[in-house]
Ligand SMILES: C[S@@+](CC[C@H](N)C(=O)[O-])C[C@H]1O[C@@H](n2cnc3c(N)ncnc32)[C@H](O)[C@@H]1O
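Quick setup: one chain, the form predicted alone, written in structure tokens, and binding and motion questions come after.
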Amino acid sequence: MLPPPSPEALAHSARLERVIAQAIEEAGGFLAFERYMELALYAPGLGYYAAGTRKFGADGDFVTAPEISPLFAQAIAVQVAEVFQHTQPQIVEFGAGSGALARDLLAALAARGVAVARYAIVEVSPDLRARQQQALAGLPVQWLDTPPSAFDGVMIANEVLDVMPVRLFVKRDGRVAERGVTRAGGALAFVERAADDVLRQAVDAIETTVGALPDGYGSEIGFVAQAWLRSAAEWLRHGLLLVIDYGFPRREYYHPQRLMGTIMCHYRHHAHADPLWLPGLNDITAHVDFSAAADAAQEAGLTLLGYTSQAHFLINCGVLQMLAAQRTPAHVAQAQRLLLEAEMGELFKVLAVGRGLPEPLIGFVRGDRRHTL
């Protein structure tokens, strides 16, 4: 049972639903889910990430690794410090959430005697940017309206790709259909139509890898995330792009037993699978196809430098030694959430792509899974 929204929240969602209804009408009655997800999350002043509700932490809808423990940033600092030996000491973080990662990463690097010449944040949410600026007041952080060009240093995208809009497909009688959104009986509802060439060819490529998908099988494809990675390859002249998110390699992502994809929503620390429920009030996410992400980055000229679980990455970067130095029951509990297979340790993966860096990177010296992509 989901917690009941307040009357103000319901009114907010109703305003956004009217915007979505207008978009459905203008699209002829079928709105691609990719466009629906974009409006639900990013419609100016109304979308989940564009409005003023609290999203992160105990008072929000979910908790990310940086809010769980500074150990997360302290381990990442080890990888960043290694890369800084070969690049300019600059960091760009995309989608910085509450600002906790920026705060703790700067502190961890300073504790290691590593100077950061520039820490910049690219944030598409005006609400989150304002919260970050408040949380990071007094720290040497700047905000960018657009990604940097010819960047030399470390780029970080922690839980960014999972909130990029996706297209939905389903197999029907041997053919590929696209799932979209319409209005039926005054409410939002799913509807299907024949897939266009782009979506059909993408599904054909998936089946070439994983085998024929069964009738009725549905999932999603992250074309926007793939395009973002190709753009990141243009921004990154020299250095590392570190992508941390939940997801799978392609063969696991599109396993026949994963019948209806990975779309998941988060509301007040409750997970549910209905992205049409009260748009604007809950987060909508999709797991990352890390095979597609790695392919997009490599096709755009970046080198695949590593892929492993979050647990392996943090352990390689010394998180257990850090825990031993500050061992308290609270720190142990935090580390367990970051590392255990039943928590974030296995579901979350770390992908490293870059340009002009030696191998192996410290975060991938053990447990590298590039061969699974």
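Given the structure is predicted, the values throughout are model-derived calculations rather than measurements. Start at 1 with the first residue shown and count on from there.
In what follows, reference is made to the form predicted together with this ligand, a form of this protein that is not presented.
Shown here without its partner, the chain carries 242, 294 and 364, none of which come within 4.5 Å of this ligand in the model of the complex through any heavy atom. Only one of 219, 282, 79, 158 comes within 4.5 Å of this ligand in the model of the complex through a heavy atom, and that residue is 158. Contact annotation: of the candidates 135, 124, 110, 212, the single residue with a non-hydrogen atom within 4.5 angstroms of this ligand in the model of the complex is 124. Shown alone, this chain has one stretch from 115 to 123, 192 to 200, 83 to 91, 269 to 277 that lies within 4.5 Å of this ligand in the model of the complex by heavy atoms: 115 to 123. Although the partner is absent from this view, residue 64 contacts this ligand in the model of the complex, with a non-hydrogen atom inside 4.5 angstroms. Contact annotation for residue 236: none of its heavy atoms lies within 4.5 Å of this ligand in the model of the complex.
Proximity of residue 42 to this ligand in the model of the complex falls within the 4.5 Å heavy atom cutoff.
The closest non-hydrogen atom of residue 97 lies within 4.5 Å of this ligand in the model of the complex.
In this stretch, 335 to 362, not one residue has a heavy atom within 4.5 Å of this ligand in the model of the complex; the partner itself is omitted from this view.
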